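Here you'll find one protein chain in two forms, each presented separately as structure tokens under the names structure 1 and structure 2.
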Structure 1
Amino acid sequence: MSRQRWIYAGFLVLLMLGPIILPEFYVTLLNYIGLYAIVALGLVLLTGVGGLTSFGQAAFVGLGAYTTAYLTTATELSAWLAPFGQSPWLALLVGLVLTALVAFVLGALTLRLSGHYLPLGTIAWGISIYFLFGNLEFLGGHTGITGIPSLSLLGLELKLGRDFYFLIWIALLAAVWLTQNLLDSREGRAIRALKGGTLMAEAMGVNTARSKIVIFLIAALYACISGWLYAHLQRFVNPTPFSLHIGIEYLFMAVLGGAAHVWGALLGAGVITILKQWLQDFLPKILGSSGNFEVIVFGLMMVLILQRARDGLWPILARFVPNVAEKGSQRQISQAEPLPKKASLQAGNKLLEVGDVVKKFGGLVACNRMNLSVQSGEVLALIGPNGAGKSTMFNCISGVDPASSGEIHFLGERIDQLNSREIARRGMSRTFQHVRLLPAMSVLENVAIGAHLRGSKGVLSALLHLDRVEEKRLMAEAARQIERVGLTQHMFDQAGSLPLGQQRILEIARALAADPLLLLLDEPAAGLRYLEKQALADLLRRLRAEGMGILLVEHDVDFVMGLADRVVVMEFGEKIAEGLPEQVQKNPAVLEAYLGGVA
């Protein structure tokens, strides 16, 4: 057994022993830590992994708690609701559906806007629901609802905190398991790609809007489950624990523990809960009056953590256990059946046809009536001085930044109205001039994002680990592409640790993992050494021989001239020359553009 497994096993044994050997007070404390950690776990997924955030998680906890409290205690339920009041488990179902609905609406409204609208929206939602709980008569107003029935599980009634303990911690561990499964999957990589900006993820075919909603929903559902457990543990609810300030505390737990790590949620929940308990005893004694003074300490602590150790406490702790820290970076690449490939085309088929494309930024015309075409089995180089509009052209073709007018056809189909995701699906893949990698993820995982559209297993299969066969195939494919570009020895390194030149090569591997018919490379040779350039040229020649079309933007004239079949030269957004490399090299307009007419 590895060291890491020993640690897990030890942790589990301690957990099992907890309620048997600990006094009541500590069992209660552990119950609350477990409940809070479930909520914080959702925030880890949302904030630490996805780069979004919510201050309204306490409101979702409240939704779960109040739903079950109301359904299981109300005496006059309308006929269609009555069956759900029969059992807390059915009430949980109602709570989850309700939570999902609210989260979906909130997410759909805010997630299309820039990142800060979601947290602002959740603040408003958190306040609204708190006042709603406190003012609705049928929810008991500020006094709340009492007499909530206890839970029973397999005929066992969970009346005591000690009995409840196991349910809470099983729920938490299940949530941790599900979350880890999700993160280590095709959908999980798409979610992790959100933090690197949506541009790259969309170009790799990830529906980022959907990924964002998914994690917001999961976080809300975790919160709802925590609320449901809370209601049946306490057997009483009132609005206080669901206020915005508690919502903020949940976020503090996630950030303090380490928002990018699932175990950080547990650590943060533990530290904040224990600290709060201690501060509530200690502070009034030294300050001489009573009140929620612990928020002063929490607030200052948060500012310090974010300034000094933004990754939270977990990475600091994990340093002592190297195996845990490195988890996920090493893995076996097993043999797996290759993923299906698109039928490759015969050389000479028309892949891309750009007709009269104009791109304006306000009054600036970046591309003016550009025409070019790429065939299969051909390398077309697009060259020109800085600012000529080459990258703009790339963005128009790949749908990252659509053209203002003109037509673009790919495989005979008009694509200039499509988004980058749809274009990627049709067999076009690209790299970026400014590399867009996820520096904290391994080279292998970065490349696997490129294969996103070649898998189909969704969030549910990922959560339950039903995607393993496909996952193996995706990983094997990613490994194959890494081998193809010659990065095998760096397969498990963090992408951010590679030198810039190799990061560009990594982007090519990622693009290749999408099984493209047309490859768009934006300055792939920049930052490469001579031998690396030669290796890259060899790779591109091999791809060309396989029938792939390649559109290349490059500054290195030697590299371009030795490789390209045809060259298009741009200056000030217009095409000034087109032809065979040797023709273009002698073209007076080109010489003028590059050398200012001296020659």
Structure 2
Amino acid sequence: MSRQRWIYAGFLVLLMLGPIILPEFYVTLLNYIGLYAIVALGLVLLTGVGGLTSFGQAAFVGLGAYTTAYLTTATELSAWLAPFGQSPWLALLVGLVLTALVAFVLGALTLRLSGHYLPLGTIAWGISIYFLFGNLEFLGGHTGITGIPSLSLLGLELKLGRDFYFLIWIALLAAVWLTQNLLDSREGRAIRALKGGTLMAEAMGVNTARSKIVIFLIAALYACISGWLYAHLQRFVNPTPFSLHIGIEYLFMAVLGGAAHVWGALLGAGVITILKQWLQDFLPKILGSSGNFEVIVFGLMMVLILQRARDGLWPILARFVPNVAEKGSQRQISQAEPLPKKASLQAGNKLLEVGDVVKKFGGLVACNRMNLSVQSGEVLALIGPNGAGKSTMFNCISGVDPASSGEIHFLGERIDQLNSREIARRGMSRTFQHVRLLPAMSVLENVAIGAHLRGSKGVLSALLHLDRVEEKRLMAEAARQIERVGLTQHMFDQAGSLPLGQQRILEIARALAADPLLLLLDEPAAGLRYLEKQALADLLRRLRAEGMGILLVEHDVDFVMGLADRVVVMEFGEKIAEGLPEQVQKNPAVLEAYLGGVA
């Protein structure tokens, strides 16, 4: 057994012994740590992994608590609700459905926001729901609801904290297992790609709007379960534990523990809960007066954490727990069945045709009546001075910035009205002028994002670990593309640790993982040394020989002229020349605009 497994086994043993050997006070403390950790775990997924900051999770905790409190204590319920009031477990189902509906509506409205508007939006609805709890008479107003029944499980009534202990921690460990399963999957990579920006993720076929809603719903459902457990543990609820202040505290737990790490939620909840209790006991004695002095300490702690350990405390502890051996990952990859591929086209088939494309940004015309075409088995180079409109043309073709007018056809189908995700699905893949990778993820995982559209397993399959066969095939495909571009020795390295030249090669591997018929490369040789450029040229020649079409933007004229079959030259958004490399090199307009003029 590895050291990592021994540590996990020891942790589980200590958890099981907790209610047996610890006094009641510490069992209660562990219960609250478990409850808070469930909410913080949702924030790890939402904020740490997905990059979506939320201050309103306490409101979802309140939805779970108030739903079960109302259903299990109300004397008169409507006919369709009455059956759900007979059991707290049925009330949990209602709470989950209600929370999912509310979260879906709030997410559809809030997740459209970006920058500082998103957290402000979560503050707004968090405050609104909090005051809703306090102003509805049937929920007891600010006084709350009492007399909530205890839970019964397998004939055992859970009245005391010791009885509740195992239920809380089983729920937390189940949530940890589900979350780890999700992140270790195709859907999980799509979620992690959100931090890299929607531009790259959409170009790789990820439905970013759907991924945002998914993690928003999961985080809300985790909070609902925590609220349900809290209500039956306390057997009383009022609005106070579901205020904005508590929502901020949940976020603090996630950040302190390690917002991008699953186990960071548990660590953060434990540190904050224990420290809060300790400070509440000792600070009044030290200062000679009572008050919420712990809030001041937490504020100072947050500043120090953001300065000294922005990734939280968990990565510091995780240094002592080795990762799974790479050998095992390589063995799984080598045994996986290859993914199906698109049928190759014979050389000379027209892949792309751009007709009279115009792209305007206000009064600026970035591309003016551009025309070009790419055939299978051909490398077409698009060159021109800085600001000529080459990358804008790329963005129009790939659906990132739709053309203002004109038509773009791919494989005979008009695509200028499609988004980048739908264009990628049809067999076009691209790299970017400015490298867009996920630096904290491995080279293998970054490339696997490119194969997103070649998988089909959804979120439920990922959560329950039912996607393992497909996952092995996706990772095997990513490994093949890494080997194809010559980065095998860096397969398990973090992408951010590679030099710029290798990062550009990595982007090509990611694009190839999508199994494209047309490859769009935006300055792929920038930052590469001479031998790396030669290796890149050899790779592109092999792809061309396999029937792939390549549209290439590049500033290295020698690299382009030695590789391209045809060259299109742009200046000020317009095409000024097109032809064979040797013809373009002699064109007076090109010499004047791009190559420095006639000697």
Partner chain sequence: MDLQIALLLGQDGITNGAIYALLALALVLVFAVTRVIFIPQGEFVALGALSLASLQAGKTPGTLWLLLGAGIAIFIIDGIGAIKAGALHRFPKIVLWNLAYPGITGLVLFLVKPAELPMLAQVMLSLILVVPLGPMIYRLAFQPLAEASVLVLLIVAVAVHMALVGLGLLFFGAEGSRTPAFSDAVFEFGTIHVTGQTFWVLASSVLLIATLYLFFERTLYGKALRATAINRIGARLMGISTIMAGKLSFLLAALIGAFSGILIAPITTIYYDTGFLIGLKGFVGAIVGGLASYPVAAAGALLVGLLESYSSFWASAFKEVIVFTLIIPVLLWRSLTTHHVEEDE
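When a residue number appears, read it as a position in the sequence of structure 1, where counting begins at 1. Throughout, rigid core stands for the largest set of C-alpha atoms superposing within 1.5 Å between the two forms. Everything numeric in this text was worked out from a predicted model, so none of it was measured.
- Only structure 1 comes from the form predicted together with the partner chain.
- After superposition on the rigid core, the Cα atom of residue 104 is displaced by less than 2 Å between the two structures.
- After superposing the rigid core, the C-alpha of residue 94 moves by less than 2 Å between the two structures.
- In the core-superposed comparison between the two structures, the C-alpha atom of residue 177 has shifted by less than 2 angstroms.
- Note on residue 282: its Cα is shifted 2.6 Å between the two structures, core used for superposition.
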